[in-house]
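In the form predicted alone, a lone chain appears below as structure tokens.
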């Protein structure tokens, strides 16, 4: 059923986007290439969103609720579907932010390019389409599975901020501790499947900024196919540029974090999906303890049991589906 939902979404997306291209490219519409691409993108959006939603349904239907292990003891940190969706979004993000920056800079400098400007817009819409698809898939999957492992639980924010302060470079960690009144002389809390930086800062900031740039971008794209007040468009444009600048800064911070030698195994896990047992034991002791309890299973005689799956969803949201 998961592959069927994915196939239906793909077929409908191909038909819908193909129809939008045919309509916008017909001789009955004497538009220039920039406006044509904008209209194709705007008319394709329902199909891109629908494909993303059906893909999210397919992923949710194929989830496994157990931790996966390799014979060498390595533990799966991300499902193949999660890793693939991350790189789809990353590709769209890099295309969109690069072309968006070019549009902004040539506008400010009143400069011209050595090639037609519509190619910049065309690539921008392609990048935006990948981001919209990825976001629709991710949100649908998380809403259905209730998987909130990348966010602190209720009543856990102070502990996560204390863990974050310990993980940040010392000067910045001291600032966070000072603002929040945290005592860094206490031992840092043990790390689970995701670090405190990822849960208390990185993921929430990504969600906020990506959500802002996608929503404002959609409003800007829809202005040629739906009546949108000029004041709304002005704010959408201003917030779109602000989100782009903040995302560029967040991307540099992300590179600082993931390219640190001590975290290379986590970066590889976003490609290979696995982390070595020894790395998990040393760097993510709370997660390692949870995996061990799960593998031991219920205690003899039915007294005690393996822990519940990670709060809000399976230990590994994945499986054989798309």
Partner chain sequence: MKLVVALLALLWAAGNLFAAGLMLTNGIAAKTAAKGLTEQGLLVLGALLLAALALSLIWQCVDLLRSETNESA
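Numbering follows the first chain given and starts at 1. Given the structure is predicted, the values throughout are model-derived calculations rather than measurements.
Heads up, the form predicted in complex with the partner chain isn't pictured, but that's what we're talking about next.
Checking 109, 113, 179, 226 for any heavy atom within 4.5 Å of the partner chain in the predicted bound form turns up a single hit: 109.
This chain is displayed alone, yet in the predicted bound form one of 251, 118, 157, 203 has a heavy atom within 4.5 Å of the partner chain; that residue is 251. Partner contact region in the predicted bound form: 256-264, out of 282-290, 256-264, 37-45, 51-59, criterion any non-hydrogen atom within 4.5 Å of the partner chain.
In the predicted bound form, at least one heavy atom of residue 97 sits within 4.5 Å of the partner chain.
In the predicted bound form, the partner chain lies within 4.5 Å of some heavy atom of residue 104. Using a 4.5 angstroms threshold between heavy atoms, residue 84 stays clear of the partner chain in the predicted bound form. Contact check for residue 246: a non-hydrogen atom falls within 4.5 Å of the partner chain in the predicted bound form.
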